[in-house]
Each structure stands twice: as C-alpha cells, then as structure tokens.
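Take a look at this single chain in structure tokens; it is the form predicted alone.
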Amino acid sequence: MKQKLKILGIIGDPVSHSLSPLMHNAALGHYKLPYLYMPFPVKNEELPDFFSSLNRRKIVGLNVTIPHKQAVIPFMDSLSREARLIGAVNTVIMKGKKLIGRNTDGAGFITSLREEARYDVEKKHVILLGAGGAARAIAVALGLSGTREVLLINRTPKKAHDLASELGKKFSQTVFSASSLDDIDISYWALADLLINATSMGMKGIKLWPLPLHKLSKKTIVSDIVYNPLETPLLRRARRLKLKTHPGWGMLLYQGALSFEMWTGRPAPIAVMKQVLLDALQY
C-alpha cells in the first residue's frame, strides 16, 4: 500500500533563494521517504492563517527563516531549551497536534566546526563579530558547549553589551564581554583561539571591517557564517595570512541535518546533502 505524502518546508519572506529544499529533498530521496520539502513564502500578517492550515496542507515539520524566527513563537505549544535561550525558532516539529519549536542554528555551527574543522570550542577564547540573531544563536551554543570566554564586537556597542550581560547571567562557566571594534585592546587578538563573523559583512556590496587579522595567533581559526561567495573576503584574507579557515556553508548544512533527524528519526545523509549544497553554491 502506497504511503501518503507528508509535507516539510521552510517559511520566510522572501524564501525563493533558500537552498534548503534542494538539500532536504536530496536527503529524503536518499532514503526514499514519502516526504516532499517545499518553500512557503509567508508574510508576517499571514502567519495565523498559515499555522491554522498545517493539517489541511499535510505539513508535519518546518524550517523558519528571516523574518519569522521570533514571530512564530506564539504559535508554538512548547519550546526547547536552546530555542528559549536564543529567543528564536528555526525548526518546528509536529507531535500529534502539538507544535514544538526548536533552534538548530547554533548547534549546527558547533557541529560544523567539529566535523569539518575537527575543532572543539570547549575552554577556548572566542571573538564573535555581531550581536544580531545569528550571533545570538552562536553565542548561546558557545555557552552550552563550555567555551571559556566570548568577546562580542558590534558596530552598535550597546547591543553587544546588552547581549553579553544577558548571557553572562545564564552561563556561569563562560565569561561574556563586549566591545566596539575601536575599543578592543589590540593584545586581545593574539589571545583568540577562534574568530567568528556572524554579520553580513562580506556579502555582495557589504565591505569588510578593518580587522587586524595579522595580530591573530597562527593557531587561530577564522570562521565566517556567510556562505555566498564560498570564499568570502574575510576567509581570503585569513588564508593569505596562512590561518586555518572555516566556511559558512557548514552551518547551513548541519543546522539542516539536525532538523532532518528531528523530523524523520533517520541519521542525516551528510555526504548527499553536502554535495547538493556545494554544487548549488558553485554556480
């Protein structure tokens, strides 16, 4: 007897550029599972109608992207710990008629570092550029992973200070501090084990900040969550300085892999998802 098709998808505004359908449909096809992953362009005012129509649409799981990661929270019946700490949802799981909100962004980043760079953030000193949604997800994941110290640098220092103050109260083993780029002690760069760009810097038309990468230790890893272009201006500069680099496609891949496992109960076929993702990004 043929199994009924179940629908997975991603909601956002816009969402047509998303690579998640390619990645997830390849993974579902690998296992020949009776699912189809679709993009759903949904405007903010359309969220109530969309969530009331999940059963009719046969939707059993969702990814959530900009600008809805916070806006979907009132529609959830419960939130996982990491979603509560981050204050955002990127993965929705249907359990019976209940909606569970989770967030795999930060964990996806940490998993990518471990799997693609063979790097463990425990007890490390980290400089994190940015204080927006992506930086927050990564900062929470660093706290959950036992990072020793996280210095947040942001163009708007108050935003970084507010986030550092908030997270400092939630993670006793990790020291969170904040600074503007101009105020950071130059000697701190040599102490950093990991530099993470969690801003849009390096995307098309967005200039690189004047970062003193030459002050970093040769053991420092430079990571960029921007994945298009594959080698960002930041990673190119780091490579020229013979620093080890960690590209942004890894976070995209592993946050998706974690979502896949939550929906299907199957191990994500990482090699399949990675190949499809990199093929798409090279064009």
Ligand code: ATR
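Position 1 is the first residue in the sequence shown; the rest follow in order. The structure presented is a predicted model; accordingly, all values stated were derived computationally and were not measured.
Absent from the display: the form predicted in complex with the named molecule. The rest refers to it.
Comparing 154-162, 172-180, 138-146, 75-83 against the named molecule in the model of the complex, the single stretch with non-hydrogen atoms within 4.5 angstroms of it is 154-162. Contact with the named molecule in the model of the complex, defined as a heavy atom within 4.5 Å, is made by all three of 134, 206 and 209. Heavy atoms of residue 91 never reach within 4.5 Å of the named molecule in the model of the complex, leaving it off the interface. Interface residue remark: residue 130 is counted as part of the site for the named molecule in the model of the complex, having a heavy atom within 4.5 Å. None of the heavy atoms of residue 111 is located within 4.5 Å of the named molecule in the model of the complex. Among heavy atoms of residue 167, none comes within 4.5 Å of the named molecule in the model of the complex.
Only one of the listed residues (99, 201, 192, 107) places a non-hydrogen atom within 4.5 angstroms of the named molecule in the model of the complex, and that residue is 201.
Contacts with the named molecule in the model of the complex, taken as any heavy atom within 4.5 Å, map to no residue of 247-281.
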